[in-house]
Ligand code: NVA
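Quick heads-up: it's one chain on its own, the form predicted on its own, in C-alpha cells.
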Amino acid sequence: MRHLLTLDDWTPDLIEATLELAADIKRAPDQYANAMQRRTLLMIFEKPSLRTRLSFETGMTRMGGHAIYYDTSTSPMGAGKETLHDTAKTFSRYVDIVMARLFKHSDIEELAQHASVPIINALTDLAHPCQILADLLTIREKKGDLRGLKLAYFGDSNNNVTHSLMIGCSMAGMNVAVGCPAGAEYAPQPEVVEIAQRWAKAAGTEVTVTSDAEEAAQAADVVYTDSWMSYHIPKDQLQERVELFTPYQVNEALMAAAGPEAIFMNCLPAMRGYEQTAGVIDGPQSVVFDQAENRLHAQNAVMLKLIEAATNQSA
C-alpha cells in the first residue's frame, strides 16, 4: 500500500478500515487536528476541479498540514519541458504526499513508479477512487452495512466514476447494476467488468450491465448517475448525447422502480433536466450534498493511511 491509484490496488479489509477511520474523523475532527502537523501535500491539477481541490486543501489544513496547488497549465510539466520521471523525483524531495488529477491514467502510474512518497489518484480517465470511497462512506451512513445492498448506475458508463463504482462496490460486498446504451463506446470497459465480477464472485454478489434501465433499477438501494457531458466531451455533441441518454435519465419514474427507500446520488457537477430531473436531485431521496461533504472525510482518511504506511516502511 504505497499509493492509491485504483481501488483494486487495495484490499476489502483496507477499504473497510479506511471507511471506519473516515467516519471517526467526521465524528471527532478535533482528535485529528494535529495529525498532519509539518506535513505537506502537493496537489497536481491537469483538469479543472471544485470539490477535489477544496476538499483536499481544507482537509490538510484541518489536520494541521499544508497543501500546495500546482496547475500544470503554467508549469514545465504541462508544457512538456520536464519529464514525469524528473517531476516525481523532484517533488519526492520536498513533500510528504501527492494527489494528482490527470487526463491519462498511464501518467499517474508513471509518477507513482518514480516517486518515493505516496501518490493519490484524484481522477484520471480510468478511475476515481477517492470519489467512490466518499460514496461508500455516504451509503454506510444512510443504509448501515454495505454487504448485500444494490447500487444501480445510469447513463454514460465508459468513464472513471462507473469503473471505480463497479470495483469499489463489489469489493464492499454490494450488488451492482449498470444501465447504459448498448455498445462498447458507452459501456464499462471489459477489463473493468471482469475485475468487478471477480470481486463480486468472492463476495457472493453480482455485477450486471444492461441496456434496460427499469431492469437495472429494480430493488436498488442506491440510484446513481453522472454527467452526460464530462469535461472532455465537445459541446457540439450535447443534443446527440441527450437523445442517446434520455432513456437512462434518473427521473421520478425510475426512482419509483427502485422503491421509496432508495437514495439518489450524483458525484456532481449535475445538470437538472439532463442526467436527472430537478425533482429527484432536490427531492427527499437525494443525498448528493452529504456525498460531496464526505469527500473531505474519506480523503483525510486516505492521506492518514498512506502516511502511516510510508512512515512504517521507512522506520
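Quick caveat, the model's predicted, so the values are computed rather than measured. From 1 onward, residues are counted along the sequence shown.
The protein also exists as the form predicted together with norvaline; that form is not presented, and the subsequent description refers to it.
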Flag this candidate site as yes only if 132, 289 and 296 all have a heavy atom within 4.5 Å of norvaline in the predicted bound form; otherwise mark no. no
Among 121-129, 164-172, 86-94, 213-221, mark the stretch whose residues have heavy atoms within 4.5 Å of norvaline in the predicted bound form. 121-129
Using a 4.5 Å heavy atom cut-off, which residue among 263, 267, 258, 44 comes into contact with norvaline in the predicted bound form? 267
With a cut-off of 4.5 Å between heavy atoms, is residue 230 one of the residues that contacts norvaline in the predicted bound form? yes
Would residue 157 sit within 4.5 Å of norvaline in the predicted bound form, counting heavy atoms only? no
Does anything in 210-228 come within 4.5 Å of norvaline in the predicted bound form by heavy atoms, and if so which residues, in order? 226
